[in-house]
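Shown next as structure tokens: one chain only, the form predicted alone.
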């Protein structure tokens, strides 16, 4: 493969960075349209390889638009899906057959007989034959013209987990623990995620004429970089795309963050040394040399490709001091601003005091995971803090929690001296238990169960909020419609969601906002909520509060902020960190990543310490949102 530019010298696969997933989806959909038209002119069917998960959803919606608005027909298209969970029937709500029907096939004119998806219910002694027949059918139609791919957190394509060979074919495979963790929310708990899947092999995928891998959000950035720039290895099956003559990556800015041309641009060409770029380079070389910022010398700059920075902004000692001071100025024990103090070098302005602070939590646990210690500080320092749960979070609550609640209610009723007074509660509990039994392990939750699960999380959030000093009247549940009317990977936001947020902003007129989701997959709950909040802020641009309201971004389940990205670092004392751990313990169902939040706060403190700054027990980090 020839290198297209010096800045891409480290990249072994052509990689296109788009402003957002929507633009990438439009570009890819137009390419599919061209393939269909070309194959029609040749009198042949277009053969497409399809992927599942949240990543291709914007692409599928664009294909639907092309069909409905531009008349693109799929009657002469044959599709082959990459994979399917083994053990799930085609009508199971979490099967990929069901996903493809809901996300694409039910909305276009593709004939049912042209749709091919591995069976998740083929008997065990017939799996090998079924997989061989799948391979043979692909060959019988002339192979796949364009294969669409996503990339998992283990670097897998399809379900080709670490260890999958370059020549592997369609087969049954055991799912990696990380893959099952990532699917936990879809199945209401990791314990419910199937252990096996049937997947096209790496060799099967590489036989496609063209390959396009899509990736959105910063959580995919590390694996994108390994696949594009690292060695071909069975540990990262996506890296084998380097061995294909026409493979490309379509990614958004978040997923590009770890590429050398983005992360370390001074290694690939001339760099514009903006303040943020300078700080990034200084932090990078401090960690690379394992020296505090103030101990960097000329030789370190020269040996790490930073001689231009040194000549432009040196000498080294003065540059070191300047960057050290910038990092030091991010640290504050006063996240709401320290009243009656000079705020020249503080992250947040001193006035007004007290501030009205809105803390947005996409799902009820997110804000507690990301910044409960900072909430504690804001409340302690006299600010008017309101915690806004944007969604009920009902989809993440396992059936066992709902069953436990209903069972406890029945037991309470049976032990009361006036059982007749508890008749409505008994009827409710019995109905909930009957619905749980009727729907089975993976069935759709009817409205009563979604309501019950939402109420369980409300109680858990209030309980957690109490540990940070927030009373019940300072916790609001917005229940945005997109969530209450949808489900994971199938959410569709509307103007009603923006209007609900706009009304809340206009009512509270905040001086400070804390939110998350800027780095998340745009199809995730956090990603959708962030974009809805941005739209609501734009709708409120004419309001008096809007111009002076500061917006701070925290991280929940997404990749933590790196030191050069941090604009405000809030130290936590051992007692505050203990309270954070206590708050998290109030939740009945947290993912492994969410449970690790206190350790992530400790790691922030270790990184600051390594840079030569003061040593703290833990640090919660924030980035200032810069309006476009």
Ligand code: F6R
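Positions refer to the first chain, counted from 1. Fair warning: this is a prediction, and the values are worked out from it, not measured in the lab.
Quick note: we don't show the form predicted in complex with ligand F6R, though the next part is all about it.
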query = So which of 24-32, 574-582, 596-604, 52-60 is the stretch with heavy atoms within 4.5 Å of ligand F6R in the predicted bound form?
reply = 52-60
note = Answer key, ligand F6R contact in the predicted bound form at 4.5 Å (heavy atoms) among 557, 355, 377, 220: the residue is 220
Answer option from 347, 150, 93, 189, heavy atom within 4.5 Å of ligand F6R in the predicted bound form = 150
inquiry  = Please determine whether residue 497 contacts ligand F6R in the predicted bound form, using a 4.5 Å cut-off between heavy atoms.
reply    = no
message = Check residue 366 for me: does it contact ligand F6R in the predicted bound form (non-hydrogen atoms, 4.5 angstroms)?
response = no
ask   = Can any non-hydrogen atom of residue 82 be found within 4.5 angstroms of ligand F6R in the predicted bound form?
value = yes
message = Even though the partner isn't displayed, in the predicted bound form is residue 157 close enough to ligand F6R, meaning a heavy atom within 4.5 Å?
response = yes
Neighbours of ligand F6R in the predicted bound form among 484-514 [non-hydrogen atom within 4.5 angstroms] = 489
